[in-house]
Ligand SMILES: NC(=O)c1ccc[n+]([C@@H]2O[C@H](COP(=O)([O-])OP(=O)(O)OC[C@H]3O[C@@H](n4cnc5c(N)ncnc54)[C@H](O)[C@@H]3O)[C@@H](O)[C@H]2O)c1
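In structure tokens, the next block holds one chain alone, the form predicted alone.
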Amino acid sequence: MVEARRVIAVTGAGGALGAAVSRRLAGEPGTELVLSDVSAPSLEATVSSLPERGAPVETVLADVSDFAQVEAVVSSAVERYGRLDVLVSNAGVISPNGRIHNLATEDWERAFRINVLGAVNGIRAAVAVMRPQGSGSIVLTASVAGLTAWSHAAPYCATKAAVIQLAKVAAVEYARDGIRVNCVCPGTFLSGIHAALPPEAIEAMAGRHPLGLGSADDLVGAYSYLAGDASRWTTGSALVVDGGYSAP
């Protein structure tokens, strides 16, 4: 029996979440990977952390705010493997800590350029391949910040709310093409960006999550589900994995 193959591209694969998702998907049978990030060292670190596998992993450096570079990621998948079954659009940035009146125009522009336009570029590039195939799954990374209000983080909250709505609209637009579009809404999980925070800040964040702070590995099941056939009747969803943050 020939094992079914699926081709998956992941943007933002160099961060803690992108690396964890890449490791999970790489360990699933029949998966061919194209991994992308804006940072070469981070991307190399992710590739070196993958489980041993017979098939090579394609890597592409890309800034998701540039459509041509995202298109190159998708083109790499098609040129190497002949198709694209799943796009995990994971690249994103957090915003500076500050109240709205203290944030510069550049802070807003950067957040929208990467978090929102990056997701738009991923959808545009992916559907160009998936529509002729008549199938595909696109998974965007949003945040529980797009469903709740985080003080001093307006650009991040606004852009992640936009990603959630983008997934819903795209799900409706491309359903007849056999393409599913969903997003994952993580709560706060420990990563490198928290390394410089004092213990009391970490404790305060943990106190907002009934199950405590998670890790990137606590989120990968959501991506695996949305990327796989088990979610074939799921589209337009915002799958919350937040340790209970949004429950109260």
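These numbers come from a predicted model, not from an experiment. In case it trips you up, residue 1 is the first one in the sequence shown, and so on.
Keep in mind the form predicted in complex with the ligand is missing from the figure; the text below concerns it.
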item	value
Contact assignment for the ligand in the model of the complex, among G192, G212, G221, P198, heavy atom within 4.5 Å	G192
The ligand in the model of the complex: contacted by all of S22, A128 and R180, heavy atom 4.5 Å	no
In the model of the complex, V38 touching the ligand (heavy atom, 4.5 Å)	yes
Non-hydrogen atom contact S143 with the ligand in the model of the complex at 4.5 angstroms	yes
Non-hydrogen atom contact N90 with the ligand in the model of the complex at 4.5 angstroms	yes
Residue contact check: L17 to the ligand in the model of the complex, 4.5 Å heavy atom	yes
Per-stretch contact check against the ligand in the model of the complex, the hit in 90-98, 169-177, 120-128, 74-82 (non-hydrogen atom, 4.5 angstroms)	90-98
